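The structure tokens that follow cover one protein chain in two forms, given apart as structure 1 and structure 2.
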Structure 1
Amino acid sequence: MKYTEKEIKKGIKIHIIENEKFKTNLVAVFLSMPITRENVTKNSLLSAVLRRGSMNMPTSTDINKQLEEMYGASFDNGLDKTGDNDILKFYMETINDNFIPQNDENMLKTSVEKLLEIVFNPLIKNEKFNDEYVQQEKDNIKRIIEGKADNKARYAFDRCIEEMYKNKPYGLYKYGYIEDLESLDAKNLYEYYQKMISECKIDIFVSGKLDQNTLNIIENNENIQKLNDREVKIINGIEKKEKVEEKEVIEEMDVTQGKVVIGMDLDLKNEEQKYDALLYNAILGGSASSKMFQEVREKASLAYTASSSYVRYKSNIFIRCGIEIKNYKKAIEIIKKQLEDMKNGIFTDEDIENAKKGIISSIKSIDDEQDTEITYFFGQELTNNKITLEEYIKKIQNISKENIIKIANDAQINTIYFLKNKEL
């Protein structure tokens, strides 16, 4: 694997990942900006409108037929809330020319061009987007927002975050708000698009079996040429955590199983502690040998899912489990006991070694999957903290028990969210 990057204009970077072992080439475009209540709904709608058509492929049918001709190239786009940033993501994956029966075209070039066309040359007529597309997509976004509670486990997680970050950027729902959709139309959305596309951070990734020419293809692309320099306004760094009173939020819905989500704040002092936190999380609830899995599931037989996850960009850990509603108090008690044990260093050197092995193994396999690899490099780009996989592994190896206990003592519960049944 060989990674190179080039800033072709201020705020616009091309990242090239050469890798021979895949059957596919993957191209990705990421547009990044701080997330705000004002823009989150616009971005959500924009993401949906852009996939409907471009100047040269004006309908979804045109796009889809084109993709099918390219041996079923897949195009995908979506939204991600990464820390306090809103990221619009666009991907196109094609099979590598080596595996195409009649080798008559440069599939990589075609896919780069088509993807850039969709993002940077949308269907515009009379200085606005297509009215019909905007209307239909407003309706679709509304349905997505209304469907927020369809997946109860996901809903409980979203709700816990909202409670923790009330009136703050990270508490925003990435698909936006119904009341903010009303005022959007084909004209003002296009005005927003023009402003956004001239100000956002742009990262273009290409991964696969590439040639010398790949960089040139992108640099010389007419849609890229027309973009200007920009000042990047991404939000990164370590968030300072205030001491807060532990909050309990209980909601009732039509569920068979109760869903517990516990949001914790980690008050980290420096970048290095982010690695310690990763290890802390692995021991607490990151694997089958973790405290959560062992104590809540295996020993107490209270849950099928019991785990925790670490959100690096916001210095949070979220503990999640699905339990029988009547066992709520008991589950919280057991979970809190685990947090205390972590603080008091009640875990073995073996636990640490095992957690390290698990993390290192996942670092090593980062470059076995194209999208994982792109996500890794993009994460570094956003946080402006570049380390190689080897350095990353070394950092994990060097973490001591004291480092982990320190994290445990700097962790505090912010919110306990419980979704339960109406009858009880």
Structure 2
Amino acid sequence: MKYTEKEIKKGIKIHIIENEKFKTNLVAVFLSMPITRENVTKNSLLSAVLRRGSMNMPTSTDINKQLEEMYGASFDNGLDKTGDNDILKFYMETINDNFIPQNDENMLKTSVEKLLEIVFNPLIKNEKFNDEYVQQEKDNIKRIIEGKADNKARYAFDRCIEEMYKNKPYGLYKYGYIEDLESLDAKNLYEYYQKMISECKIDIFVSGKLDQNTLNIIENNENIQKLNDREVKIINGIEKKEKVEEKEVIEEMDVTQGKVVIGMDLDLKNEEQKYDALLYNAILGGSASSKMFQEVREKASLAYTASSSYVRYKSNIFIRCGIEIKNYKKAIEIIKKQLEDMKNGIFTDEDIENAKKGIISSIKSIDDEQDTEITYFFGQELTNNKITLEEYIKKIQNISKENIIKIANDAQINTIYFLKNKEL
């Protein structure tokens, strides 16, 4: 695997990932900007409207017909909240030109053109988006927002974040808010799109068996050439964590299983400690051999599920458990015991080695999937922290027990969120 990047205009980068192991090429366009209450709902709606049609492919049927003609290519898009940034993502996957039966078409060029057409040349008439598309997608997003409590585990996780980051960007719901949908229409959404597309950070990724012409194909694309320079405004860097008083939030809903989410702040001093935090999380709750799984689920039988995750963009650890509602206090007690044990270094060299092996195995598998490769390099772009996979592995290998204990002692519980049944 070989990775290169080039800034073709200020705030617009092309990222080339050459990997011989795939029979497909994956092209991705990421539009990044700080997330705000004013714009989060607009971005959600915009992401959905853009996929509906472009000037040269005005309907979903036209897009699908084009994909079929491209030997069954696939197109997808999505929306992510990454740290304090909103990311609109667009993907197109096509067969590599070397595997086309009659090599009479430059499939990479075609896929780049079609994807950039969808993102940068949307269907516009009379200075606005298609009214019908906008209204349909408003209805769809309204249903998503109204149904966010359907997945109770995800709902509890989102609610914990919302409580931790109340009135702050990271606390915003990525699909936005129903009350903000009401004022959006085809005209003002297009006006927002024009402003956003001229200001957002743009990253274009291509992964696959590529040649030297790949960069030229993108640089010379008419939709890229019409874009302007821009000042990058994304938010990154280590967030300073202030000492806060631990708070408990209990919410009642019609549930059969209690959902516990414990949000913790990590007060990291430098970028290197992010690797230590990764290992801390792995030992705490990142695998089947972790403390959460073994002590809370297996030995104490207090949880159906018990794990933890590390959100590196915000320096947070989230402990998540599905429990019998009556076991809440006991479960919290045992979870806090594991946190104290980590602070006191009550974990073994074997725990450390198992955690390192698990993380290193994940690092080695990054280049096994094209979307994983792209996610890895985009994460580095957002944090402005560029390291190779080999360097990444070495950093994990060099972490000591003292490094992990330091993280444990710089971690504090911010919020305990508990979703329980109304009757218990």
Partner chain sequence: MQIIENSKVKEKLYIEKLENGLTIMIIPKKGIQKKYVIWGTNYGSNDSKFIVPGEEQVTEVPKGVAHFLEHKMFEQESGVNSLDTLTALGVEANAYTTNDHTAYLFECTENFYPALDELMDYVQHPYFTDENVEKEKGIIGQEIMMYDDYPEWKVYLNTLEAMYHNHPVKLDITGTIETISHIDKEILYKCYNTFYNPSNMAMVVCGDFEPEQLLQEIKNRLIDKKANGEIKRIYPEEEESIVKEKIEQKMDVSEPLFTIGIKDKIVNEKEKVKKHIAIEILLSIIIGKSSKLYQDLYNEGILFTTPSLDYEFGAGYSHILITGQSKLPEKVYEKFKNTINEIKQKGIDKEEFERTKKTIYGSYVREFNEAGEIARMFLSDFFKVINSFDYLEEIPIINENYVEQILKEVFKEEKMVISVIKK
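Since the structure is predicted, the reported quantities are computational estimates derived from the model, not experimental observations. All residue numbers here follow the sequence of structure 1, with the first residue given the number 1. The term rigid core refers to the most C-alpha atoms you can superpose between the two forms while keeping them within 1.5 Å.
Of the two forms shown, the form predicted on its own is structure 2. For N96, a C-alpha deviation of 2 angstroms or more is recorded between the two structures after rigid-core alignment.
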